[in-house]
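Below you'll find only one chain, the form predicted alone, shown as structure tokens.
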Amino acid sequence: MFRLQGSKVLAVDMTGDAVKAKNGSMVAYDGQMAFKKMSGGGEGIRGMVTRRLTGEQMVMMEVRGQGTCYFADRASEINLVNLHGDKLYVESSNLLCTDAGLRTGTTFTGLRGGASGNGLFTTTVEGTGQAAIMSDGSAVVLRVTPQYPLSVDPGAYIAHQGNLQQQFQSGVTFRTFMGEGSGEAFQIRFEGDGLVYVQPSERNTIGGEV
């Protein structure tokens, strides 16, 4: 069972079961725990090949045992997500912990503009169980409906779930509109029905200054 200790520490109560967590994120535990390093960003040969192609350096560890384990990472805010047979798309750097029974993978999410042809890849978490995702500052969960599509700055995007289609739009973005952008600018547009998680702080994206 996942629960929050404050907003920046995840406590997981275990009774012989296991979780997958970001490597190095365990800050304390009580009881008897066993730790095993895993490759992250996908399972099996396909995941290994995808990680090599994308350069995604997501390293997970499996924690199994009896007791309570506590996880945190750089004082990031933690948000709990309940999955009921659906799929969560999340930036690998924002994924803290999942139930071991949830399947993780890597999916291609689109091109960063037709001119550059650079691909963007996102980590997927699928199944029934709980996941914990992190944000720089308190995350905001935004609802997308067919009547109200949503556009998000890539640096603020954390994750999304539901029946959503996403596309990357080049051209004028929030920063270029304010006169702060340079280089190729783009934003992510979501359409459909689902939830999008955004953070109030913008990370550097692979597009550079967007």
Partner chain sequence: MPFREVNARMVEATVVPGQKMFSQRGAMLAYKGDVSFTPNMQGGQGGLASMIGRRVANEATPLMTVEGNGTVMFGHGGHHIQVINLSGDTLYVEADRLLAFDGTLQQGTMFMGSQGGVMGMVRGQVTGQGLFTTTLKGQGAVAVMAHGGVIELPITPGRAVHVDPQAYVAHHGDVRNKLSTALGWRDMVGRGSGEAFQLELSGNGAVYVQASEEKL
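Just so it is clear, the structure is predicted and the values come from calculations on it, not from any experiment. Numbering follows the first chain given and starts at 1.
Here the subject shifts to the form predicted together with the partner chain, a form of this protein not shown in this document.
Chemist: Could you spot which one of 83, 72, 100, 140 gets a heavy atom to within 4.5 Å of the partner chain in the model of the complex?
Modeler: Selected residue: 72.
Chemist: Quick one: is residue 25 in contact with the partner chain in the model of the complex, heavy atoms, 4.5 Å cut-off?
Modeler: Yes, residue 25 lies within 4.5 Å of the partner chain in the model of the complex.
Chemist: Does any part of residue 29 reach within 4.5 Å of the partner chain in the model of the complex? Heavy atoms only, please.
Modeler: Yes, residue 29 sits close enough to the partner chain in the model of the complex that at least one of its heavy atoms falls within 4.5 Å.
Chemist: My question is simply whether residue 164 lines the interface with the partner chain in the model of the complex - judged by any non-hydrogen atom within 4.5 Å.
Modeler: Outside the cut-off, so no.
Chemist: Though only this chain appears here, would residue 35 touch the partner chain in the model of the complex if you measure heavy atom gaps against 4.5 Å?
Modeler: Within the cut-off, so yes.
Chemist: What stretch, of 123-131, 72-80, 100-108, 86-94, brings heavy atoms to within 4.5 Å of the partner chain in the model of the complex?
Modeler: The contacting stretch here is 72-80.
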